[in-house]
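Here we start with a single chain on its own, the form predicted on its own, put down as structure tokens.
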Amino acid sequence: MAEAIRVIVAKVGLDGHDRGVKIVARTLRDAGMDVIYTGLHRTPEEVVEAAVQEDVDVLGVSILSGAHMTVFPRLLKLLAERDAEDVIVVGGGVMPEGDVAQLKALGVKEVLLQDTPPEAIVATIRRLVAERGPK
């Protein structure tokens, strides 16, 4: 039997809304994944440190605050500095469509906006990990 996909979900910065990320975490857990939720108000450094320490497959960051064009480049840079570029970075929340293309160009593997059905989130995570292959 294959090992469970390990996912860390995080809220970075001043964004204080975590209902959606908690639902996503529960959905992924119910689908058989190992899920860690970092809690609110984390820094990019704290999130990357947790992702490296926990040896996760996927780092999912939920942003509703509009800071995505600052947060994601910082996360990707920190992962590169930690030689952890095999961690799949996924964004979620509320972001303008034009920014989604820019985030993907920077290295964010997928952006799942607030109206993405739970089963689509699970399928996307499984697909991205399968495409990447073993760590």
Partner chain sequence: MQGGLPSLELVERVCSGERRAVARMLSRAEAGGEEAREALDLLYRRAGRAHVVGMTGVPGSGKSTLVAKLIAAALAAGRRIGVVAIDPSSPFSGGAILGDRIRMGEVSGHPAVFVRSMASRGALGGLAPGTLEAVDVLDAAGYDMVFVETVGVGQDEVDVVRAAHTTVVVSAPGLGDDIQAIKAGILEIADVHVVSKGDKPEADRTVTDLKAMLGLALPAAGLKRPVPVIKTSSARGEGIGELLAAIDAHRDHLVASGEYQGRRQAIRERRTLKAAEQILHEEFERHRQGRMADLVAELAAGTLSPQTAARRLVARIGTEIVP
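Positions refer to the first chain, counted from 1. Since we're looking at a predicted model, the values are computed, not measured.
The form predicted in complex with its partner chain exists for this protein as well; it is not shown, and the discussion that follows is about that form.
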Its partner chain in the predicted complex: contacted by all of Gly32, Asp86 and Pro134, heavy atom 4.5 Å: yes
Touches its partner chain in the predicted complex: Pro73 (any heavy atom, 4.5 Å): no
In the predicted complex, Asp55 touching its partner chain (heavy atom, 4.5 Å): yes
Contact test in the predicted complex: Arg42 vs its partner chain, heavy atoms, 4.5 Å: yes
Contact label in the predicted complex: Val100 to its partner chain, heavy atom within 4.5 Å: no
Residue stretch of 105-113, 92-100, 62-70, 47-55 approaching its partner chain in the predicted complex, non-hydrogen atom distance within 4.5 Å: 47-55
Partner contacts for 12-28, taking its partner chain in the predicted complex and a 4.5 Å heavy atom cut-off: Ala25, Arg26
